[in-house]
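Quick heads-up: it's one chain on its own, the form predicted alone, in structure tokens.
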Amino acid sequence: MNPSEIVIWFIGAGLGTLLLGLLLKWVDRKVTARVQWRVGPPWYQPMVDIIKLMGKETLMPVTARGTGFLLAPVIALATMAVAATILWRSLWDPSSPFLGDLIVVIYLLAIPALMTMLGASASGSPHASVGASREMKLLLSYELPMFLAILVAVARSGWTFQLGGLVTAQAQTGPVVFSISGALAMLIAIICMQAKLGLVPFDVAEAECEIMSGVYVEYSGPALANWLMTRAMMLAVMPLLLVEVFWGGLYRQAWWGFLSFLGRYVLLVVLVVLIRNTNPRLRIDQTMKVFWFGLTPVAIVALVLALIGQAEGIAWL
């Protein structure tokens, strides 16, 4: 692509993902409200919240270090826009992505958590410091099983680290999730996605009733709006990544391909909302045990099954 096409894709994918993420946030809030026998907000409420925060003043504690405190949400939002651009481009044209773009996306999706820790630590708030400590432990907990789960799809797709290569391989041999190892990896990735999104039962870094929003407690105005937009974009991007890696991406051969992709995408979003509304929050020690001693061994088993299936030519394994 030439520079002008890159800019167009960046702006289009970034804004489109933001709008999609805000719409999904409304779906999340609406479903949550109905579960709690409330009416819930109108569809435009997340957008109004962002616009309202953009017009407010950014208040910064006297103990905060301004550079890290204010730059953290900007960097997090920018990295999500780059990740969204790579994912949508590879979904639309599997032959266009660059070598190793899957690894780049994995790194980009880890940056918002790192920026959350940076911003919370720079705020000088004890509540935010506790949240930053929890966010660090959470990141160290879910990244390993998440990577192992993605490695299962990579192994079953001929050891390609290109998103387009994963989509192309699944178009020929079938989605990764339609195998035992792929199903296990998909289940692990869904649980890790819940943690990466910071949603119940893994919202320990915020924990409003314990540490008063934790990592975001000192943020206000446009800085807080940037965090909300980052979270909304992550809600839109994470299901997209899972559909591409485990569920075949987008089949454009016929009109039903778009409907199939939309159905798979919506199903993952619904699962996120249902998990959020049907589980209590775990303590940070319980969370670490779930990922290290529960999901990581299962992910290793799934990877071994995938390697055996590839070596022996057993498609269902």
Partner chain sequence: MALTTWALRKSLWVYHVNAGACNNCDIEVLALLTPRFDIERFGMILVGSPRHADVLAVTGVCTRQIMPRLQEVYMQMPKPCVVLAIGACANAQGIFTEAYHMGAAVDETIKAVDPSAIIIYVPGCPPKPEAMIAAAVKGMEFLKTL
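Positions refer to the first chain, counted from 1. Predicted, not measured: the structure shown is a model, and the values here were computed from it.
Only in words, not in the display: the form predicted in complex with the partner chain, which the text now covers.
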property	result
Partner-proximal stretch of 103-111, 195-203, 130-138, 215-223 relative to the partner chain in the model of the complex, 4.5 angstroms, heavy atom	215-223
Contact of residue 29 with the partner chain in the model of the complex (heavy atom, 4.5 Å)	yes
Distance check, residue 42 to the partner chain in the model of the complex, heavy atom within 4.5 Å	yes
Contact test in the model of the complex: residue 59 vs the partner chain, heavy atoms, 4.5 Å	yes
Interface membership of residue 37, the partner chain in the model of the complex, 4.5 Å heavy atom rule	yes
Candidate from 48, 282, 274, 267 lying within 4.5 Å of the partner chain in the model of the complex - any heavy atom	48
Interface residue in the model of the complex among 81, 148, 118, 228, criterion: non-hydrogen atom within 4.5 angstroms of the partner chain	228
